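Below, in structure tokens: the form predicted alone, a single chain.
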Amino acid sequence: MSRPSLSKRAERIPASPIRKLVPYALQAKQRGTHVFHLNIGQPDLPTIPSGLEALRDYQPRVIGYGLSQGDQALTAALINYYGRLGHHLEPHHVVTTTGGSEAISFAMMAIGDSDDEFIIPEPFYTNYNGFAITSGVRLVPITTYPEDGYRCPTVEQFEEKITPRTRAIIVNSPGNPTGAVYTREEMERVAGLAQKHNLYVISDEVYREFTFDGLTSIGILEVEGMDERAIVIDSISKRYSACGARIGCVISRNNPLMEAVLRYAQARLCPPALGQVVAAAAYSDETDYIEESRLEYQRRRDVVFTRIQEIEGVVCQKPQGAFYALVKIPVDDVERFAEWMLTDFSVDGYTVMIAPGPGFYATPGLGTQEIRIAYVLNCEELEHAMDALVAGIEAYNLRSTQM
């Protein structure tokens, strides 16, 4: 007897390239191998203390429904935070979401109909693929390359992709997985295209403060003439090391757009109450927490980048921000290599789990020699992890020549 079929959407949505190797990692741990997780952007830094303190002090008799747009205390904290960045916002410019993931989905659904197109430089955060499929829209990639540090595409490259179905350009700076930080000229390039072709810009700015070597990230709200076109995606997950709180937001000064986003928010009732308690305290915190985190990630970046240079044939520009390096390594197939590192290799009792590059592309066949390294471990652990990665690449290639 045949079973009922699934939706085409369910069949198309991809497995997470970041998580799909988990069974192999679990088996390695059962064999007694220590696995260093460089595959997922889960910071090991302590969650911001003021957020945890607010959570401890939160003692309601009932955890009830909140406002669909987010609790007023969090909205006020967000407005003050953006005010410190130089951006004036009103409460109706902000809708709190269940993580940055829901924020991106709400934005896509608010401005895109079925099969509308969103232009995006690739490689990009892998879950954009899933968000696009569930939203019914289509990502149109423009390929960038490790040799030039995954820089923003040119005007000509963007305009080659613009069609009557194009609704928006998506940018992410500082970037996941590339670590690239767009310059003001690059952000103005994107904004100029949006103005010329009547498009939105969805700007994912969750790593805003994590820039290195004196660089500063330029947000889309800093570009003139974008009030009706700019959509900012934000989240507390990485900035405050609070991934599990699941609090993000959509920000725009386009009132009809935000009214539509609010209707989507009403359909799912409200964002998590406990996470909002943490977020309100975090956004109100004016200690050195973020700056100390940034300096720590820069130290970790330096460890990873220095060790990467030991690999003959590697291609990697020095990451400028976030806490990722996307690295082109000299192996025949990174999917096979990543699995082999967990099933067949260890050095001194440890190995590494990395995220294979193909999952960060929309174009089939790309990323087959690239891996994403998330430097979310302390420097000592990163040294051991890079020992294993460097030795693993050498052993894998030696094995390949002997087969």
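On a predicted model such as this, the values are computed, not experimentally measured, just so you know. Don't overthink the numbering: it's just position in the shown sequence, from 1.
Note that the form predicted in complex with another copy of the chain isn't included here; everything after this is about it.
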item: Partner-proximal stretch of 51-59, 360-368, 29-37, 336-344 relative to another copy of the chain in the predicted bound form, 4.5 angstroms, heavy atom; value: 51-59
item: Non-hydrogen atom within 4.5 angstroms of another copy of the chain in the predicted bound form for each of V94, D213 and A281; value: no
item: Another copy of the chain contact in the predicted bound form: Q317, any heavy atom under 4.5 Å; value: no
item: Any non-hydrogen atom of V155 within 4.5 angstroms of another copy of the chain in the predicted bound form; value: no
item: Contact flag, P23 vs another copy of the chain in the predicted bound form, heavy atom cut 4.5 Å; value: no
item: Exercise: E228 in contact with another copy of the chain in the predicted bound form, heavy atom 4.5 Å; value: yes
item: Option touching another copy of the chain, based on a heavy atom within 4.5 Å in the predicted bound form, out of G219, P272, P141, G149; value: P272
item: Neighbours of another copy of the chain in the predicted bound form among 199-220 [non-hydrogen atom within 4.5 angstroms]; value: L199, Y200
